[in-house]
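Taking the form predicted on its own, here's one chain by itself in structure tokens.
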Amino acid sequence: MAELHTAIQLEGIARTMRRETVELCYRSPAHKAHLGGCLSAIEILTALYTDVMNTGIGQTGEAWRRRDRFVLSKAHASLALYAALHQAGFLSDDEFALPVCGEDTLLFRQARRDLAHGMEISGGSLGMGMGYACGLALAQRRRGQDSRVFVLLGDGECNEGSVWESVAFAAYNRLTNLVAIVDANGLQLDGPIEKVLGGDNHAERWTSFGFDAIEAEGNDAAAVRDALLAARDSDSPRPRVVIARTAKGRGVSFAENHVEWHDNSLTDDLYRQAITELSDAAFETRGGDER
């Protein structure tokens, strides 16, 4: 097993991915981008693609078929996924520089299935990804493969009834090769989660359906990495979920915990401000702690 990255290394990768996500948002002015939910998920994606998943990068044949799968159920966070795929080597520098949307591109407002570039599912309506992940996990088990399926959902997305049908299916079928992750940033399009449809008792709800729940600081890359490894390697007979407590718009002052950045565009001035705040120099000035 490869040596794990240090907390400082993980935060450096996360900082790079956060800048790249902001750049992708700025490069698509004709289309609003879900910047808030992208930025809240950066450390989760950093941990998955750096220390947790067997991505299959560079593998072929049976080794490729035994890769772990990642399903981005909160598909509006595709820009953050592209940054992760770039860092992991699935997207070259030239491919990552393509415009978001339009002809002759690989990058769209919501990811389109493209296995060669690490995209396992075409994104769309919220609530779809959990069921898709269950199907992948069941298929892998029937094939005798020891790989894992990771699925990332938003806490607002968990208002969808289809999510809970799939959660019940996973628990009933004891899909222990499945790890769900909830990006619990507390905000959705219409406002705070607690004011739209209930509170933040995510662990209690998932446990009641038959999952083992682990809670973690989702914007601490090392902490969420450790929680994901614990979920991945558990010998429990129940599937697992990691509740990652995050902040919407994390790392950019004008977007952090502001619901209007659920879906918005960057002006020239806001782009420059965001890049300045995410620079290595600004990080060092804050004492090396993004929190």
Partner chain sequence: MSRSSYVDAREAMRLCSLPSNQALGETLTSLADEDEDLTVVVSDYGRRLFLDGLVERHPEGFVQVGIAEQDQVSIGAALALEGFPVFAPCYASFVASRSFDQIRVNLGMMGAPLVLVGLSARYDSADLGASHCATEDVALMRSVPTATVITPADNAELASAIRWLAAHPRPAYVRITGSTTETCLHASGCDVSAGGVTQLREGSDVALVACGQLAAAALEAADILETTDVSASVTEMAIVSPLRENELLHAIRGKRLVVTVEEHGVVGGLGSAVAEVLSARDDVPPLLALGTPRSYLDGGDVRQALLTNDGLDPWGIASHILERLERSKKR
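Numbering follows the first chain given and starts at 1. None of these values were measured; they are calculated from a predicted model.
The following text describes the form predicted in complex with the partner chain, which does not appear among the structures shown.
Stretch 124 to 132 is the answer when you ask which of 191 to 199, 176 to 184, 124 to 132, 100 to 108 has residues with heavy atoms within 4.5 Å of the partner chain in the model of the complex. Screening R240, H34, K248, R69 for any heavy atom within 4.5 Å of the partner chain in the model of the complex leaves a single hit, R69. In the model of the complex, at least one heavy atom of E165 sits within 4.5 Å of the partner chain.
Of the heavy atoms in E120, some are within 4.5 Å of the partner chain in the model of the complex. The partner chain in the model of the complex comes within 4.5 Å of a heavy atom belonging to A139.
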